[in-house]
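Only one chain is included here, represented as structure tokens and corresponding to the form predicted on its own.
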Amino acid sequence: MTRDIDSAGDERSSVVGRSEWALVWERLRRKRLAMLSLIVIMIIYGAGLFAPILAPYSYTEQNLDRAVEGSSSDHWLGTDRLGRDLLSRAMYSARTTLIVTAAVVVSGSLIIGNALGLLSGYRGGWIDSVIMRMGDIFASLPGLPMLILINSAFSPRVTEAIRGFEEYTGITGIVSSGFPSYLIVFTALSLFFWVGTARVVRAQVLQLREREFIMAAEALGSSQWRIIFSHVLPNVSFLIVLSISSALGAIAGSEIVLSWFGVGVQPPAASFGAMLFEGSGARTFQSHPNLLLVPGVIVTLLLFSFALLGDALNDAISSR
């Protein structure tokens, strides 16, 4: 009996003083599929992040004499129709997906979605009505057709504006780096991916603002911004993480679909969507299957890993 009490006391003492995030990480670490998914995501995005160092060739380097070759010692995954190395193209495509996903998460989910959700839930009144009706408008629009329309309409104008900036300032390489495509894609995606985060955060804030510790802070004279950032935001941080984890795969998939339609990231920047388009088609797949299998397998692994990681993270947070 004494041993049972001592062991229980040791277990409680090991938990006391540990943060909620440490406990969530411990639960998540016990899930093998979650850890395997995290490793796959880190490998793919790590290869994209260090593509200029790890890639054996430049993503724009062409060799028409060695077009549509299979795997060899020089080109491990083969070459495309222009003789570009598929392994290098895949690495730089992963970098494109990483850049767009990170930009949309930071601008759309973390900044716009959370800020509007916190403000709408805590302030209420006409501010809540305006923000939520604006969210209803964006949510009612067909997402993919609107993204295609926005990208096709504004992409040439943005490119011309940045090209004019290069000529005026003498700074070169902005357009060739693919920055105009990155800018217009993540801006368009951010317009639609903030709505879900804002609604989830608002619903939780509506409950929190009626709690005793919020009413006590208001009675003590704390400012509204101090209450929002010091008391409300920490209590919705888990919801923010969940919403971001569930949106990562959707954002990456949207960028790939837009590039597949030809209105996303434009050449010379590399993209999985462009690689999938180049390898699609029954005759192309029969004669050169590596053109479709290389980007297809990587994209499948990436999106499936995001789905598994999101489910595991949801279980780890829900059991807190």
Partner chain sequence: MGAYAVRRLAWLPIVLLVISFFTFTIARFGPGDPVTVAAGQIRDEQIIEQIRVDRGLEGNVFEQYQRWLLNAIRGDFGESFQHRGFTVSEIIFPKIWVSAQLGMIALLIVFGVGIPLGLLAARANGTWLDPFVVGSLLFLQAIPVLVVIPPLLWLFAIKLDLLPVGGWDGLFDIWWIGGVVAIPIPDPHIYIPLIAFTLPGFAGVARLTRITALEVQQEDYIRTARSKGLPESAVALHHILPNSLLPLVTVVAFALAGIVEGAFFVETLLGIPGIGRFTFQSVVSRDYDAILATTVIFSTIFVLMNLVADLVYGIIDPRIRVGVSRT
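In this text, all values refer to a predicted model and were calculated from it rather than measured experimentally. Numbering follows the first chain given and starts at 1.
Beyond what is shown, the protein has a form predicted in complex with its partner chain; the following relates to that form.
### Task
Identify which of 49, 39, 257, 54 has a heavy atom within 4.5 Å of its partner chain in the model of the complex; exactly one of them does.
Looking at the other structure, the residue within range turns out to be 257.
### Task
Check each of 71, 177, 152, 187 and return the one that places a heavy atom within 4.5 angstroms of its partner chain in the model of the complex.
Looking at 71, 177, 152, 187 one by one, just 152 meets the 4.5 Å heavy-atom criterion.
### Message
Heavy atoms within 4.5 Å of its partner chain in the model of the complex: which stretch in 23-31, 62-70, 291-299, 39-47 meets that?
### Response
Stretch with heavy atoms near the partner: 291-299.
### Query
Is there a non-hydrogen atom of residue 231 within 4.5 angstroms of a non-hydrogen atom of its partner chain in the model of the complex?
No, no contact at 4.5 Å.
### Task
Look up in the model of the complex whether residue 173 has a non-hydrogen atom within 4.5 angstroms of its partner chain, and give yes or no.
No.
### Message
Would you classify residue 221 as touching its partner chain in the model of the complex, given a 4.5 Å non-hydrogen atom cut-off?
### Response
Contact check for residue 221: no, nothing within 4.5 Å of its partner chain in the model of the complex.
### Message
If we define contact as a non-hydrogen atom of the residue within 4.5 angstroms of the partner, is residue 133 a contact of its partner chain in the model of the complex?
### Response
Yes, contact at 4.5 Å.
#### Entry: Any residue of 126-163 that, in the model of the complex, places a heavy atom within 4.5 Å of its partner chain
Sequence-ordered list: 133, 136, 137, 138, 140, 141, 142, 143, 144, 145, 146, 148, 149, 150, 152, 153, 154, 156, 157.
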